[in-house]
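Two forms, one chain: they're shown below as structure tokens, one block per form, named structure 1 and structure 2.
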Structure 1
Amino acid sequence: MLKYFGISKSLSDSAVRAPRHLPRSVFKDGLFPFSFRVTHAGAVYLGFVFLLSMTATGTGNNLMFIILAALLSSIVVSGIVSRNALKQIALSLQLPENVFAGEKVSIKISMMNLKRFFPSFSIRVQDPEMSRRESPFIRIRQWIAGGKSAPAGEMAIFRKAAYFPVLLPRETRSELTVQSFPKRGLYKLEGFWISTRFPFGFFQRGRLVAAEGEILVYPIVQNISVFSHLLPFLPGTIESPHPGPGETLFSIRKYQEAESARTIDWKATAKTGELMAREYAREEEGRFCLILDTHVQGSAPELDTMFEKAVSFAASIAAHFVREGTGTEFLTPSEYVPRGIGLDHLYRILRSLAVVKREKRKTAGPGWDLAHFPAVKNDRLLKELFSEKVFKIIVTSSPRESVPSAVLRSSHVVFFDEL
């Protein structure tokens, strides 16, 4: 697996206090701006307080009433203290610039206590997406759906929880954790869900700290050797089908006079008894284009897996050619990336691949025409791309016979079912 670490990017809260009007989606998905929950220990505690209140009332023992009053006021104090602990908290998240699906990345989360006098204790930080898993509304919804609905938290940026035992007034503390993103795509941060069981662990209070940020997770990039059986040898410079000055052997033919004696192949001459000469293929700075056909016929769930494999394959191919120094163009029905080299160019392709989506084939027939690629507005450019002048690796789900022979002549086609 390849790793690309760049400058880390920081996602931080835009506002210290929770906004009065939170995005509707927050409410819609069963997450409220504030929450208060009785823990298991709290339920036992409340039960015990009830029993003690019965005992104290029944006996009239005032020392029991003193204990009962202290236990009851502890409940009130829990509310006050936990509310104060969650007040004026700022958070920021730092993660690598380039993140690949499935790759373990180190995440730094920082929390700052903006209070002037009061410390904050025992604060747990989660992505709101992840905290939805604990939401009773979501659980009920999943239960009603028979567990078929998509699990919450799939697209959460901060996929692990962090815990800050103490934050002194005006103090910032940072923690590191390692996590991975399961899927490629755009992950958006809705905010941070901070919660605490402070002080006694009987109640859990939570609050949403509004924040904005997003991270694009690139598809899985694998070593090209995994796919070597699918590919011809593809060096950086593409050999032409015509003889000429080059390094690759094109053919062995009869020696012609006036040719340089260096061209004579003495082994072949000995075998045939005639002077034979080596002819080399003409090397050209040929154009190379990677094409991902995102049109897929059908809607079976296994096609999704196949599509993801195709995207990963395309990303791996792009990474390989860019590393080889080959000028690469990239084309999908929704985007065209012109020719370029270097890591920046690779990331441009990967960004495109990160968000590429499976599209339903519009035409009913098996045809595979240029109209599939509306991203290229210029017809001339599109025709050029599909001409013999450009060598192409096409990744498609279309049937083999549907690919025009003109395209096949200048392309290496990888079908989804081969992956």
Structure 2
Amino acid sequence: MLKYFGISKSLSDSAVRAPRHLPRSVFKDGLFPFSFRVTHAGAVYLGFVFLLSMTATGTGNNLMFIILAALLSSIVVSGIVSRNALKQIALSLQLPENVFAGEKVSIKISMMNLKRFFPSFSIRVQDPEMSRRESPFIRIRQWIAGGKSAPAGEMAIFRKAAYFPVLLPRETRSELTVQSFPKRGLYKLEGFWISTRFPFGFFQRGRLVAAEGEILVYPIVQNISVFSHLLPFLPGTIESPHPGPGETLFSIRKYQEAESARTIDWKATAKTGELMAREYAREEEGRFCLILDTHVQGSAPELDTMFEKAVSFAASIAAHFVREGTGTEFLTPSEYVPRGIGLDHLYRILRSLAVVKREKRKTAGPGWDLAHFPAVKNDRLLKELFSEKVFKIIVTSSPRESVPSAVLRSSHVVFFDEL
């Protein structure tokens, strides 16, 4: 088990939600089930074969025709052998149970040779999107467009290929690849692309294995101390605006009889000439709500960066308070997560943050009201969330003057441009 800012993760479980393990996919024969690409060595080989065929035709030399026939037959043999290597192969994919953006994770790819008698050699497994990026046709098109290489598929589940040198009949082997997911969100598996250059390396033959699955990548969770300049507190407990037992100083007042002498503040007593006592703020199990306002005015590219920082900040705040045992509610314009505690509740919030999207503000003015949060259908509950009964941390891009004063009295507001 690993710990990630108090979040436990098991590296032996699959992170796929539906189904839990990506389905095993078995090849079936078809009329034209394979595709192929010519490698650099294959291009040289074909060029040599072409020159030899021209020479043999021009000279009529029988030896050259025999050599040419052997070279051409090797292409046929290569196709038969490579086709047999890619037949009757089963695949499965496993990832950690919880995956966070930017974190290196291990992906386990298992392959089984279902053939009874024939082994499979030199098989490469990768994401179909990455396979398309390696296509020579795409490279030529990019070269014509200006010499820029095709960008790597951001939403590909695995970008590093797994390689299996040999797979004996009825044998199962597994390979681990380490990679990170560049951004949060829902990654969908289109299938597996497996290929081989066996036996001669002149051609790369491959095929697509149909498979369905999805992986939810959570936003980056950081230690809350990183945001200490934005927050007036670090503990997870919520202090009441009323006096009582606690650790934070609430006020200094006159000493009353029958009180413990430990409450006397001797510095204040020396200044005033009267006995003065310390009074502390009462710590209580109050209601806490984390609010992420996803409405953003404008469509500048830098707004995407600001929004992602806001999502990461919200995830870090939620992880901190849940880890401290504080009952936490979470609210966005499109979703409301009721109060809860524990890791299961935290992952429910993180799942919401993983897929949350920036929304364009409908009104051009700086207005900010309860109508921005239609996720709460109960008007009474919505008013209660924004009342002084509930302490709130609000993350918003709205200007300060647009937030109602009644909300500011019971909230700590963090603005996007402060992150």
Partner chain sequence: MSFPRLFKAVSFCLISSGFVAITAAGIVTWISAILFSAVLIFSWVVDSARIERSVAGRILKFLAPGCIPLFIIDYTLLSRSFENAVFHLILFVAAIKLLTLSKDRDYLLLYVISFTQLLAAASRTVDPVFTACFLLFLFSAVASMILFEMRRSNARLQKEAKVHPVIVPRELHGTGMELFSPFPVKTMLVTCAGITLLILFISIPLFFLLPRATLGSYRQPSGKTLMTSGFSDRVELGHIGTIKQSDAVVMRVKTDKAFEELPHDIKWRGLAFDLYDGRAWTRSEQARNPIPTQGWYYKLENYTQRANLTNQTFFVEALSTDAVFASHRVLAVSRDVGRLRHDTLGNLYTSGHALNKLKYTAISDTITPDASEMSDLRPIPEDILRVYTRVPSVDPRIARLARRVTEKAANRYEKALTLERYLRSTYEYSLVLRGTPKSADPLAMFLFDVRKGHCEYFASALAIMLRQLGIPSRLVNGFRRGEYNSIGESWTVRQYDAHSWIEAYFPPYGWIEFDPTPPEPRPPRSALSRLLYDLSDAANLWWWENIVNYDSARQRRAVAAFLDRLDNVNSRIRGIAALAHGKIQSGARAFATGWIILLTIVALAAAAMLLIRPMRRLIIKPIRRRLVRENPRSLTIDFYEEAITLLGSKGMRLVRGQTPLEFAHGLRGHPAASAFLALTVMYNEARFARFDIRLRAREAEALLNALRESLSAGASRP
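The shown structure was predicted, so the numbers you read here are calculated from the model rather than taken from an experiment. Here, rigid core means the biggest group of C-alpha atoms that superpose within 1.5 Å across both forms. The first residue in the sequence of structure 1 is number 1, and each one after it adds one.
With both forms of the chain shown on their own, indicate which is the form predicted together with its partner chain.
Form predicted together with its partner chain: structure 1.
For residue 54, decide whether the Cα shift between structures 1 and 2 is 2 Å or greater, given a superposition on the rigid core.
Yes, its C-alpha moves 2 Å or more.
Cα of residue 44 displaced 2 Å or more between structures 1 and 2, core superposed?
No, residue 44 moves less than 2 Å.
Please determine whether the C-alpha atom of residue 64 is displaced by 2 Å or more between structures 1 and 2 following superposition on the rigid core.
Yes, the C-alpha moves 2 Å or more.
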